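As a starting point, one isolated chain is supplied in structure tokens, in the form predicted alone.
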Amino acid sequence: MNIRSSVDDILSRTSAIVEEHKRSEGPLLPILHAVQEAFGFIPEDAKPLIAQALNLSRAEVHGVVSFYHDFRSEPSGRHVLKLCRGEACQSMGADRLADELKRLLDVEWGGTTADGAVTVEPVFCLGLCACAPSAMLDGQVHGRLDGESCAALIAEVRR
């Protein structure tokens, strides 16, 4: 994943991704996932190209990107921590955990630490309700978190 790309690079790589997926059924989501995989986010310059290739408006593409929480319009940090905001996690202290974590990292939801190490995002169920509160750090789930264990996870990836 390369998050530093020129406009020409974005257009070239996005064109290749669109060509690969545009004949499949319902190609928009696979294209957006592939673009995000390539760049780490959905670059603004890629949206008109995708829209034109799929005969959609830019607003329609933007609407899909902004509707789904997994799509980013900005590059993420080197590590992404997704804190579960589901009911089970909230009932087991996820709100307090989120407040502690955001204060520790000095970020808000969707924000990235000043050193670019960690992005904190909400997620609305990780399916780990029995181990609430839970989080996913770089795709690996962690349960029964508290402020101390969550801070330890963050310290581990920041080394």
Partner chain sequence: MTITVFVPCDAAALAVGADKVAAAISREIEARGVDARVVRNGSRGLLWLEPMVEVRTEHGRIAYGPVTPGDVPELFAADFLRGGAHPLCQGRTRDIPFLRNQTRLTFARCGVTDPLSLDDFRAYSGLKGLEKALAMSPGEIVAAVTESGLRGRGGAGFPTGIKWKTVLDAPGTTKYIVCNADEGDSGTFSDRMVMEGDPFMLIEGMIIAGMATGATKGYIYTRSEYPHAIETMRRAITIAREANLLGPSILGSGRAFDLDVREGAGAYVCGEETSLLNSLEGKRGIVRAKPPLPALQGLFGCPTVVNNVISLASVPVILDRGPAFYRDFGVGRSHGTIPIQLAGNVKHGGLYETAFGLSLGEIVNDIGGGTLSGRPVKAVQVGGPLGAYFPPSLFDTVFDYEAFAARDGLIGHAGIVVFDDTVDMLKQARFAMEFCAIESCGKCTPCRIGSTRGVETVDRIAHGIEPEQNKALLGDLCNTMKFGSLCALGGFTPYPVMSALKHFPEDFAPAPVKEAAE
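Positions refer to the first chain, counted from 1. Just so we're clear, the structure is a prediction, and the values are computed from it rather than from any experiment.
What follows is about the form predicted in complex with the partner chain, which we do not show.
> Would you please decide whether residue 25 lies within 4.5 angstroms of the partner chain in the predicted complex, comparing each non-hydrogen atom pair?
Yes, residue 25 sits close enough to the partner chain in the predicted complex that at least one of its heavy atoms falls within 4.5 Å.
> Is there a non-hydrogen atom of residue 91 within 4.5 angstroms of a non-hydrogen atom of the partner chain in the predicted complex?
Taking the distances in the predicted complex, the answer for residue 91 is yes, it comes within 4.5 Å of the partner chain.
> Taking the partner chain as it sits in the predicted complex, is residue 13 in contact with it (heavy atom to heavy atom, 4.5 Å or less)?
Contact check for residue 13: no, nothing within 4.5 Å of the partner chain in the predicted complex.
> Whether residue 78 contacts the partner chain in the predicted complex should be assessed with a 4.5 Å heavy atom distance threshold; does it?
Residue 78: no contact with the partner chain in the predicted complex.
> From the list 98, 129, 104, 49, which entry has a heavy atom within 4.5 Å of the partner chain in the predicted complex?
Checked against the cut-off, the match is 129.
> Taking the partner chain as it sits in the predicted complex, which residues of 63-88 have a non-hydrogen atom within 4.5 Å of it? Please list them.
Stretch hits, in order: 63, 64, 66, 67, 68, 69, 70, 71, 85, 86, 87, 88.
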